[in-house]
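Here you get one chain, nothing else, as structure tokens; it is the form predicted alone.
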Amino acid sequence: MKLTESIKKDFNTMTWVLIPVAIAINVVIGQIVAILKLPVYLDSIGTVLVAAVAGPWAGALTGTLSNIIWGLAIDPNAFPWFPVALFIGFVAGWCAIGGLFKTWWKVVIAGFLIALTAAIVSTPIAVYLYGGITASGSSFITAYLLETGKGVVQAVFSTNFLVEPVDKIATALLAYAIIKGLSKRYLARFPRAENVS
């Protein structure tokens, strides 16, 4: 399948209807978690949901728009993380194409792969824009590791490897639970319904 055909396949009317709903899910839950300073993020549930039923390009767009809108409208700290959100959507979509959203235990594997991607992409942003200490609750772990003598890159990467798997596996499982709650007839209207059935 050519690149343009792959991109076009992700976007039908149902995708365009779901994207704003998914962005709202991401922003509302992400903002609640940020206010409570929890050591997880849970700001990608909508992104993973779109990626699973519509594909990697739709997931990447959803993640990117979520962080840009969230950053411009509510919390400027959310804006610099849009590359992470883009890759979360992209990888989640390819995991779904690969059949990792068909059973709960495969969703756990998808969550881990998404977490690995998020850890790799987010580490340079956390180090170079924030000096390793961000507005999230996970920065308490980073601060502790810095106090133990770890370098900033090592401390941030270690924190990401502790937090991201828990967060992204939970995120993927929550998206999967939403998908399982939808009727087969409704799901069939999405461009990549075969990824989750």
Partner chain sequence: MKDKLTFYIERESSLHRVNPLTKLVMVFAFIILAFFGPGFWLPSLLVVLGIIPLSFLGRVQREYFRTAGRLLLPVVGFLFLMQSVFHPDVGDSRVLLQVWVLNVTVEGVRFAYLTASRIFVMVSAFILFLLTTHPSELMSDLTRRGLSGTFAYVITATLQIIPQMQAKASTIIDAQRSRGLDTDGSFRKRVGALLPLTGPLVFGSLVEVEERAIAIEARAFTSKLEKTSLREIPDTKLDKAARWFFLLLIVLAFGSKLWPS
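Because the structure is predicted, anything quoted here is derived from the model rather than measured. Heads up, when I say rigid core I mean the largest set of C-alphas that superpose within 1.5 Å between the two forms. Numbering follows the first chain given and starts at 1.
We do not show the form predicted in complex with the partner chain, though everything after this point is about it.
Of the residues 109, 121, 97, 74, just one reaches the partner chain in the model of the complex with a heavy atom at 4.5 Å or closer; this is 74. Of the candidates 162, 153, 169, 133, 133 is the one whose heavy atoms come within 4.5 Å of the partner chain in the model of the complex; the others do not. The closest heavy atom approach of residue 31 to the partner chain in the model of the complex falls within 4.5 Å.
Taking the partner from elsewhere, residue 60 is found to have every heavy atom lying beyond 4.5 Å of the partner chain in the model of the complex.
Residue 49 belongs to the set of residues with a heavy atom inside 4.5 Å of the partner chain in the model of the complex.
For the chain shown alone, residue 83 is not a contact residue for the partner chain in the model of the complex, no non-hydrogen atom being within 4.5 angstroms. The partner is not shown here, but in the model of the complex the stretch 22-52 reaches within 4.5 angstroms of the partner chain through a heavy atom at 23, 24, 25, 27, 28, 29, 31, 32, 33, 35, 36, 37, 38, 39, 42, 49. Put the two forms on the same core and the Cα of residue 67 is off by less than 2 Å between the shown form and the other one. Once both forms are fitted on their core, a CA shift of 2 Å or more is seen for residue 146 between the shown form and the other one. For residue 34, a C-alpha deviation of 2 angstroms or more is recorded between the shown form and the other one after rigid-core alignment. Distance between the C-alpha atoms of residue 83 and residue 35: longer in the model of the complex than here (change of 3 Å or more).
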